[in-house]
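In the form predicted alone, a lone chain appears below as structure tokens.
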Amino acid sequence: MPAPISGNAAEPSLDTGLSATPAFSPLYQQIKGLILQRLQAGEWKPGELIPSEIELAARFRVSQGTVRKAVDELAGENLLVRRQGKGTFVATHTEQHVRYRFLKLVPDDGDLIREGPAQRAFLECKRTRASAEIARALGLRSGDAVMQVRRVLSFAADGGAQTPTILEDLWLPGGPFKGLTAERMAGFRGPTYALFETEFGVRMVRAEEKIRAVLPDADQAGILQVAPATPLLSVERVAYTYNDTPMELRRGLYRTDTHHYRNDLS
């Protein structure tokens, strides 16, 4: 049994994604870091039940209340999911309420159910070498192997024909995503991050985005079936797995004639 954790001990070495403290951290934050270490190590996999708060309190030799506060924060960050009467589970991108939490483009009428899932067309999926810019975003060295994917997402606005709405370019580290193909992505019945999680063992836990208005080039305008003078929303995202390790660079161009970008702030 591990020695009890001191209430003013130094924070665990795992980067939990919170701002660093000068020397100490609250006890529940230390427990949160230790739980994150277990998640990162794969001790509890996506969709699996984690030990109860009583069991975790005994393991870490702290109070149940301290564990509960740590678990509450992890649940608030969509890393864990509480289920009444069943326990706490590792969150997974296959769950309905979180599967599209990184996609913020919604139809103007707000009816996601009527619109239905996107139709995906993969234009390219190849193994290539990272440019200096791509390598910097993914924490790699220039020239390292990456997977590059280009795809179009189309939606049926108002129940009509499918309209190309999002053009995306993705870059992924070559090592963790060895074996990724367009056929494998197209054949997966679910969101892309669920594919990464279930077939490659990479769980995206948070993302950072930069958004600006741009004009498409001729190639982009042709793919999205818009005039070259049509303003589009450019969304650049870096998605991270545990320990703030970058695992995806994604650049998307969004049409906003029938959709808008919505973000809930709290």
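From 1 onward, residues are counted along the sequence shown. Not measured: the values here are computed from a predicted model.
The following text describes the form predicted together with another copy of the chain, which does not appear among the structures shown.
Partner contact region in the model of the complex: 209-217, out of 42-50, 209-217, 58-66, 28-36, criterion any non-hydrogen atom within 4.5 Å of another copy of the chain. This chain is drawn without another copy of the chain; in the model of the complex, the residue among Arg129, Lys104, Arg136, Arg150 with a heavy atom within 4.5 Å of it is Lys104. No member of the trio Glu183, Ala186 and Arg250 reaches another copy of the chain in the model of the complex with any non-hydrogen atom inside 4.5 Å.
In the model of the complex, at least one heavy atom of Leu233 sits within 4.5 Å of a heavy atom of another copy of the chain.
In the model of the complex, another copy of the chain sits within 4.5 Å of a heavy atom of Asp108. With a 4.5 Å cutoff on heavy atoms, Ala227 does not count as touching another copy of the chain in the model of the complex; it lies far away. When contacts are judged by a 4.5 Å heavy atom cut-off, Thr256 counts as touching another copy of the chain in the model of the complex. Residues Thr256, His259, His260, Tyr261, Arg262, Asn263 are the ones in 243-263 with at least one heavy atom within 4.5 Å of another copy of the chain in the model of the complex, listed in sequence order.
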